[in-house]
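Presented as structure tokens, the chain that follows is alone, the form predicted on its own.
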Amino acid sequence: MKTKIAQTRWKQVLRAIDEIAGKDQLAFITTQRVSRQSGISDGVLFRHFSTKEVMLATWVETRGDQLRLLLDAMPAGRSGLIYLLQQLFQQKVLLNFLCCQPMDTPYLRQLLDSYRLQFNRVIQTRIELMSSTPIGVTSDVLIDHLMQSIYRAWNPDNPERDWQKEHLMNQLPWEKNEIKDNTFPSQDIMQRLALNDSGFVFDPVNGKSFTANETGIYALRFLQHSSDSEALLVAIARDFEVSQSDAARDITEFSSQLRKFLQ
């Protein structure tokens, strides 16, 4: 049984490794780095962990067991996967455990990979049991899509990660984006609008006109040829070099104004 002080030191060390993993720097970890991060001297550190490898193995086994408990508590079906994703983003230590680059010691890498492989297998089995998945897409493809999406939402170097995290906490990556297909009026209504490069928009049916900015004209021209508002989101983010969250907000606001104009 660990003493209270020993338990405190143990938790400090694990939290320090969590923080290093969260910066994706676990592959370069040293005892000196853990000592600085935890505020525990090297001498005290080695009283609790005989070697760096023992310290890291303790971290892997502790977080791996916590991940297993989370999987055991996951409800069935789509709601279970959403629950799991929400818990992962709320418990960042487990997300770090799943996504960071592994250590350079072979047996520690294998130990970490074994927990990750178990996670993937459980999730893939849950996907196979779901009543609704994309037709013609295998569970191998879906689990790969999901894991890549989780990594992108975690990656500290990804400027889009906040938006992607928000998306994953509400929808699975193969589901439709947050912009609904009925955001804009029907395509036949869009096609009747007269547009020019200066931003002038005229509806010959109701006789109204207004001026749109460059993004608005781009969206209107796009939707005169396609009713796929999700594709529009991707196109605006790409061509105007903005985040998808900013593009989604602008599209939603613009569509609301457009519907009022067309009433």
Partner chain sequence: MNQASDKKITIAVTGMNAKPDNPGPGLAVARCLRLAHGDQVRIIGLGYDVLDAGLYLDDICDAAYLLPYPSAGEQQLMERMDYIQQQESIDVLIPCLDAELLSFSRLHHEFEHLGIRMLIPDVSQLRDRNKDRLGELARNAGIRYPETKNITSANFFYRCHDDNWSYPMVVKGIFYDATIVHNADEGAEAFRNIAASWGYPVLVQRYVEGHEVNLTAIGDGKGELLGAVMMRKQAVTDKGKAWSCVTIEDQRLESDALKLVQALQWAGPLEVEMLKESDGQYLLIEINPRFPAWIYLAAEAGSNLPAGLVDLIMNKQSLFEPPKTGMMMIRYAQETVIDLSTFEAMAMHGRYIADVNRENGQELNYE
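Positions refer to the first chain, counted from 1. Think of the rigid core as the biggest set of C-alphas that the two forms share within 1.5 Å after superposition. Computed from a prediction, not measured in an experiment: that's the story for all the values here.
The same protein also exists as the form predicted in complex with its partner chain; that form is not shown, yet it is the one meant from here on.
In summary, among the residues R109, R152, K92, H145, the only one with a non-hydrogen atom within 4.5 Å of its partner chain in the model of the complex is R109.
The contact with its partner chain in the model of the complex, taken as any heavy atom within 4.5 Å, belongs to A27 out of L195, L70, A27, V44. At the 4.5 Å threshold, heavy atoms of S226 stay clear of its partner chain in the model of the complex, well away from it. Its partner chain is not drawn, but in the model of the complex it has a heavy atom within 4.5 Å of D104. Its partner chain is not shown here, but in the model of the complex it comes within 4.5 Å of a heavy atom of K208. Not displayed here, its partner chain is kept clear of G39 by more than 4.5 Å at the level of heavy atoms in the model of the complex.
Figure note: of the listed segments 27-35, 212-220, 57-65, 232-240, the one touching its partner chain in the model of the complex, with heavy atoms no more than 4.5 Å away, is 27-35. Of all the residues from 189-204, those having a non-hydrogen atom no more than 4.5 Å from its partner chain in the model of the complex are F202, P204.
The Cα position of F28 differs by less than 2 Å between the shown form and the other one after fitting on the rigid core. If you fit the rigid core between the shown form and the other one, you'll see the Cα of K208 move by 2 angstroms or more.
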